[in-house]
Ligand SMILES: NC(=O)c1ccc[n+]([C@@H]2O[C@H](COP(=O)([O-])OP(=O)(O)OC[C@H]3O[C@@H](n4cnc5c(N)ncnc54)[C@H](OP(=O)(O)O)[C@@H]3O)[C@@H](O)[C@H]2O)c1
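Below you will find one chain, with nothing else, as structure tokens; this is the form predicted alone, and questions on how it binds or moves follow later.
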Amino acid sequence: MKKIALITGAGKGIGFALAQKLLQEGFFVIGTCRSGQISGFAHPDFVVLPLDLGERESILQAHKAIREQFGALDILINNAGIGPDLDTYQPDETTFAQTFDVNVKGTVFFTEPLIGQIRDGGMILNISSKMGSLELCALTDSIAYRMSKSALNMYTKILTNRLKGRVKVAAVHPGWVITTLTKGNVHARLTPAESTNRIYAFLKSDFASGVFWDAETQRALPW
């Protein structure tokens, strides 16, 4: 029986590359994106569900579909996230709220009801960022984004403690990847496929639950 992986934010970038990689490796993949449609790509083991992490009703509808159509899961990859204040230097109330609604609140309340559906020996990977590391923070930009990733890292540690011995949990920095998240990312070092290959290598390794992992350099990051 194929293992089932659920990837949020699978419509483009890292999430889409992760979906393609896991399909190649023999997984059945449930991908989510806001529209519930990914044009130009189809696979018999790939299902797309609509999900907007900033909308409570959307989260509830996604839970219903996952519960009724798929039952147990093996891997949950919380990849979806936004960064409207990236490369800015003053907090803005509107984008601050949007960032936390999606990156923190939405991710937490999407994850919680699914935990019981993850099989023993499964895993949860939270796609974070080294911009959320307290120890490495030396700049003053992107306040909401940085803070939201720090909060996601804390949630990773809490889940690690709660699920010890049953489900492995990790926060993963994907590296500097070419994405549409910010204009500067067009100059990034990694393509989504290159980042995904590194993330998959980590996923397949015997990693210690609770680690904050840098996929680009293949070593642990300080929290």
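No experiment lies behind these values; they were computed from the predicted model shown. Start at 1 with the first residue shown and count on from there.
One more form of this protein exists, namely the form predicted together with the ligand; it is left out here, but the text below deals with it.
**Student:** Out of F70, W176, F41, F46, which one falls within 4.5 Å of the ligand in the model of the complex, going by heavy atoms?
**Tutor:** In short, W176.
**Student:** Mark N161 yes when one of its heavy atoms lies within 4.5 Å of a heavy atom of the ligand in the model of the complex, and no otherwise.
**Tutor:** Because no heavy atom of N161 falls inside 4.5 Å of the ligand in the model of the complex, the answer is no.
**Student:** Heavy atom to heavy atom, is R166 within 4.5 Å of the ligand in the model of the complex?
**Tutor:** So R166 does not count as contacting the ligand.
**Student:** Indicate whether the ligand has at least one heavy atom within 4.5 Å of a heavy atom of A193 in the model of the complex.
**Tutor:** Result no; A193 lies far from the ligand in the model of the complex.
**Student:** Does the ligand get within 4.5 angstroms of any non-hydrogen atom of A171 in the model of the complex?
**Tutor:** A171 lies outside the contact set for the ligand.
**Student:** Taking L51, G81 and V102 as a possible spot, do all three reach the ligand in the model of the complex with a heavy atom inside 4.5 Å?
**Tutor:** Yes.
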